[in-house]
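Next up: a single chain in structure tokens, the form predicted alone.
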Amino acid sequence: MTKSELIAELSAANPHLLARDVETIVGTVFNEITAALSRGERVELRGFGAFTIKKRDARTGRNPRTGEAVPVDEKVVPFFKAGKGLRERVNRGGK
């Protein structure tokens, strides 16, 4: 599902809200999650999951085209761990 599809679904489910208001709400939620992660904070949405960051150490990688060794710098990447409620719902097929 894309961001625009999410906005369309939420707008359809909440006809009392204007589409632009739903777009603002979704954008604000995503921006707050992004800002918290950039500050190194953990974001937990109960029943859905938790967003954290993980540090990846510097390493030597390989260029897949040439096979040449390439240094890969240390970096921080976002990580999502699904919550119990989400895992259970996905495992039973969304019913």
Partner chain sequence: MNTVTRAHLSETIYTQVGLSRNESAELLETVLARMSSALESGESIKISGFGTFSVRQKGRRIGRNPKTGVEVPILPRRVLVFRPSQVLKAHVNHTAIPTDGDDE
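Residue numbers count along the first chain shown, from 1. Note that the rigid core is defined as the largest set of C-alphas that superpose within 1.5 Å between two forms. As the structure is a computational prediction, the values presented were derived from the model and not from experiment.
In what follows, reference is made to the form predicted together with the partner chain, a form of this protein that is not presented.
For this session: Considering only heavy atoms, tell me if residue 46 and the partner chain come within 4.5 Å of each other in the predicted bound form.
Result: Contact with the partner chain, yes.
Exercise. Is the gap between residue 72 and the partner chain in the predicted bound form 4.5 Å or less for some heavy atom pair?
Worked result: The answer is no: residue 72 has no heavy atom within 4.5 Å of the partner chain.
Problem set entry | Proximity of residue 58 to the partner chain in the predicted bound form, heavy atoms at 4.5 Å | No.
Problem set entry | Partner contact for residue 34 in the predicted bound form: the partner chain, 4.5 angstroms, heavy atom | Residue 34 belongs to the contact set for the partner chain.
Problem set entry | Residues of stretch 24-39 in contact with the partner chain in the predicted bound form (4.5 Å, non-hydrogen atom) | Residues within 4.5 Å: 24, 25, 26, 28, 29, 30, 32, 33, 34, 36, 37, 38, 39.
Exercise. On a core-based superposition, does residue 12 travel 2 Å or more at its Cα between this form and the one not shown?
Worked result: Yes; that C-alpha moves by at least 2 Å between this form and the one not shown.
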